[in-house]
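Laid out below as structure tokens are two forms of one and the same protein chain, each shown alone and named structure 1 and structure 2.
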Structure 1
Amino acid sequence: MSARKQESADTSHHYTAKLWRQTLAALRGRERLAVIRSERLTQRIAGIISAPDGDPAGKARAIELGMAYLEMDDAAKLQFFRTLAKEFDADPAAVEAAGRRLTAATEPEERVAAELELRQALLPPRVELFRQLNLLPDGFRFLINMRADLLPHTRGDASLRKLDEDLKTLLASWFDVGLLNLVEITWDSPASLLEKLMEYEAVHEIRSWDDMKHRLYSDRRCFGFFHSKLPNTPLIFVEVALVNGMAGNIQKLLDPSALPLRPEDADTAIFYSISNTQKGLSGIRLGNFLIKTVVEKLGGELNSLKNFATLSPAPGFMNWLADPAQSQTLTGILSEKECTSLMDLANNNRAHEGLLALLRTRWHEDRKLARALKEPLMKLCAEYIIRTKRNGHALDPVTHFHMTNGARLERINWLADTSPNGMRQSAGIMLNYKYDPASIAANHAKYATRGYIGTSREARQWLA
């Protein structure tokens, strides 16, 4: 990587540090930083937490701590998190005392007082540190990045998981959807913002600036949620194509040589990619809102739009199919003739094994083979998507997301994504989930209560 690229990659970190140095210089009349020795970390944090609201000296100390954090390596960060987890947790004695008072309370007044006290006791003092850090310039971004650093350590460490819960709860309230702005992203958006889209697009890689531009054409739309304190950073974004009919092939959709459609001639909006950009906001509900907010917005702008649907992968299909347990599923679903055919084609006397062997070849380039595999794979995929559950939820994570959201499965598309990744994950199959505003609540409720997966008649045809 060139020196200049390097600068770019580190931008956020450097930018924050630069802002802080300037603020510190303004507060203290000099830029010099106290070094924070690890054995004094606890004392330092305590000092920041107890500073009066808005105290400039407290602010300066918070900057010193933040600067120190930015310089820490992973081990030091872990040490820092452990200190927060251990030394600045809620006081168990206070929690217990408040709990006892609540149990003992008989009068409403007492009960309310005790309940509020218990809530207060459950709020760890470290939350005040997070608040103080958030008051720094760019403090918002710092906390999000800090949580991204913390998350990998939370597995198997209950106290760090609790620390993470505190941070997440705080961020969740600051990033409540009611506080975010839906912003349309276009080719007139800042280059630095589009660069971030290219970096964060998680579903169908944006290969070049040309590709980026094609995705922002007159028959394309892109929307993101933004927070006013992070103006150039989409927290999550969705890419939409305006088309005629339900699009069933991602390569066609992304083909830069296709003639653009006049937006007012389109009857369908296809949501073909949705990506989060901030690891530090994971677990905070944003995606659920984004699709529906965009449906509302597009529906209001373009009267010709009648249908809103996704074009989505089935990312767990091939993994599920590869499980030996699916040998039985296969024989249960496919007809005898289909099984025999698979065995013949694969030259293998076990249908499941044969199928898996065939799927390891470049089968989709062989027309005859592809034709032979269509029925079996579509049936198996329908079985996987519609009938395969875990704990009452769809096994496929994308299906689970859209069902929770109140969509229904509209269509299963054959050879819809023939990219290497699409073949490897989903055997090239993609799905349309349809968002019908009038049915969202009912679909959601059926899925939430009974795990019921709504399907169109067309999709259901592939069920045995």
Structure 2
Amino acid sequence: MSARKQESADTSHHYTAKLWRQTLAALRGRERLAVIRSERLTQRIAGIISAPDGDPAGKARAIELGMAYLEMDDAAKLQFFRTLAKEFDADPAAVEAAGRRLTAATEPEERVAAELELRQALLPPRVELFRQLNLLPDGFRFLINMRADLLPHTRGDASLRKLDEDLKTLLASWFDVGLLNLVEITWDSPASLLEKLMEYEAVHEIRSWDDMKHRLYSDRRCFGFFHSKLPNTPLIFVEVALVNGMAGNIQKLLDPSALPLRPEDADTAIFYSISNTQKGLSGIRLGNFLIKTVVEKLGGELNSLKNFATLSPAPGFMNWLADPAQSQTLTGILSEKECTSLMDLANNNRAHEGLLALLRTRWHEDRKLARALKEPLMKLCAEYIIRTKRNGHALDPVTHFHMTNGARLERINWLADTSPNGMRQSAGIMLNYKYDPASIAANHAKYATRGYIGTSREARQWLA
């Protein structure tokens, strides 16, 4: 986590703790409530879950649990999560019994009653704890941050993945697109909001206030989704450039010396950065709603816009290529002449090892070497993006995101991002994913059911 993001997280925790101390003091003063810090964690949680709605004692217990959580180190938080996962899961015996009654049910009324019983049995008691914490002042933000703490521990632990799914399902219900507000962010927006954009920009770093101002010029747009319970923080935001033609180079697109284009003269909207600000909302579908909503909004405002597309990285390409298993992939895709050329250029008798060695240099600054590497790398990237799958869907996370949203792979762009990050993650290659409102639904259905990745003829030319 960057120092700026860590500072923001610390500020959020301090604000939440301050609100809770004030609320707790008011409750204790009115009700003369006893301090429960001496209780075991399981007792404390059980007391919150069993408290009637609106009970001051239950609210006080929830606040004290939350304040204790904010003071925990990573090890203590992990123990807290394991307690929730083990002690407050659904009762297996109750689930099995309800399942047997459902299987045995024959009459419609009996079957409905059995289904409702099974549904109730499957609901873990910890869900009520989450609901009580959400009712606290700033509890919404607290639960988002709690899930961010939980996520790193879920890999390889089925009980913690199940706990995460409970929390994710609740958060997703509270983040229905109908509860979100689309806000255009401009240079006239509050400075505190613009600082958040600079802090959370995850794709192309905003380096200065001048850089920020350039990204909000008349031929640029920025939109974010906001929730009423987090009014000053965009949950996710997208940056858009209004251009002519399909932009294929991020350095040119973000060049501050370039003259701005009149918005009414643009024929293409390029979505060049989409950033989530809340790690605790990972996996909750916000980006797809944001893109589709912005496409509709811009299309309604600017009649000249005919194309809506992204300029996106391929963040997993270099990691995939570096896997020793891709040695066979490389020799199966590249011609014998291309493999021989790689071995000669790298002075290595293995084409895959030679290519990786070359890519560890500043090869893109050598025009002759860059020309020699272009066709092999473009072929390999096309193989990775279009044909490499996991569980029937695109291995690359950005490709999967856009295919899920109904886009089509339009173009693969050579040396489109020569920043250190761009070279490190995708050998400088970037991709255009096109959103055609008339085919979004059909593209989404084909990808969801068959893993089909729609591609243009220009993109397919690189397939071996």
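Just so you know, these numbers come straight off a predicted model, no measurement behind them. Numbers follow structure 1, counted from its first residue as 1. Between two forms, the rigid core is defined as the largest C-alpha subset superposing within 1.5 Å.
The form predicted together with another copy of the chain appears here as structure 1; structure 2 is the other form of the chain.
The Cα position of Pro56 differs by 2 Å or more between structures 1 and 2 after fitting on the rigid core. Put the two forms on the same core and the Cα of Pro108 is off by 2 Å or more between structures 1 and 2. Core-superposed comparison between structures 1 and 2: the C-alpha position of Thr169 differs by no less than 2 Å. For Glu71, the CA shift between structures 1 and 2 after superposing the rigid core equals 5.5 Å.
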